[in-house]
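This document opens with one chain alone, in structure tokens, the form predicted alone.
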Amino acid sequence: MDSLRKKRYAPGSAWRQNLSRFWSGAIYWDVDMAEYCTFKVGGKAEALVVATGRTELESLMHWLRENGVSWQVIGRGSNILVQSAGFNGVIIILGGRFGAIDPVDDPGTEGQEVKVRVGAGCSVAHLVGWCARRHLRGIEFLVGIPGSIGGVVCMNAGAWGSEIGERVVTVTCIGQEGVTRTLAREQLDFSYRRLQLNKGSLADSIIVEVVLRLHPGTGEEIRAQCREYMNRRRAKQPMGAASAGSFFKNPSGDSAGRLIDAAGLKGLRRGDAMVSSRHANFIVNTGQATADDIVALMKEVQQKVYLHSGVMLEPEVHLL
């Protein structure tokens, strides 16, 4: 955030003027979203704000709805791409207390359940490390996944046969009307790379906190499991490359990477955007790719895989 400079609102833009009067914190205007996306590319967002507490976020959500302003919450930018045309509205980042971790229960003994309350803005890496230091097991499979807890819960992120939804006890969210509600596990429907309510949708809500169910373990056991998963990632994935992780969802009963590889698309390029030669379900920015390059490559991969196998791949990355 230190690299940003607060800019004056554009003359004649009523909602920008009104937001300046309403929001007591800093507002960053016309923000280059490449700084907030693991692809290291992206168009500009009209405004970016950092919410640090529930009360101010509730007020902001209500204001955005009343003024008809589009919004999008982002975590660590690991599963998004702001297209070259930019985002017309407000990007929200969760800071402050939204990054906190608090035990709900006292540490138990082997086999007993331990609940942990995690703010949605907390990074996955921080939570995995926090749990390992306290000998709490259950989320080792998340090691190496970039992003925030809110994002991985919203996407029901998973790896190595496990998904975060298996660990969720409750989800607390703020709706577009500015009202906070806490939902129990039985009210939630976790499916492949998706979280919904059993009745309704979370599309117009922001996840602000989750309670996870973990179990006591030994420090060495947890560290060994994390090392194993991390080594598997390094062996298969283009570590260090600017990417959004797995770009396409796996179709039922198959692998997006296998389908892309079978269509002979490894190494396919559009500008500096390339289908990784190491893992076909990764699109990487090899230098100076633009958002347009990535979108064009995505569409070409979809078309060629469809012609080869009859499967239309669905992006896992959110295009804003």
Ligand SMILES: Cc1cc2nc3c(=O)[nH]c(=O)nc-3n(C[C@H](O)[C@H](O)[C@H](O)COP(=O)(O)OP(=O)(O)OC[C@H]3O[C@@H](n4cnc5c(N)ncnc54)[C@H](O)[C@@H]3O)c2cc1C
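Heads up: residue numbers just count along the shown sequence, starting at 1. Since the structure is predicted, the reported quantities are computational estimates derived from the model, not experimental observations.
FYI, the form predicted in complex with the named molecule isn't displayed, but the following is about it.
Between the named molecule and the residues 82, 90, 145, 118, the one pair within 4.5 Å by heavy atoms in the predicted complex involves 145. In terms of contact with the named molecule in the predicted complex, the residue from 176, 187, 112, 72 that brings a heavy atom within 4.5 Å is 72. Among heavy atoms of residue 194, none comes within 4.5 Å of the named molecule in the predicted complex. Within this chain, residue 38 lines the site of the named molecule in the predicted complex, having a heavy atom no more than 4.5 Å away.
The shortest heavy atom separation between residue 155 and the named molecule in the predicted complex is within 4.5 Å. The shortest heavy atom separation between residue 245 and the named molecule in the predicted complex is within 4.5 Å. Judged against the named molecule in the predicted complex with a 4.5 angstroms heavy atom cut-off, the residues 77, 159 and 233 are in contact without exception. Judged by heavy atoms within 4.5 Å of the named molecule in the predicted complex, the contact stretch among the candidates 82 to 90, 205 to 213, 179 to 187, 125 to 133 is 205 to 213.
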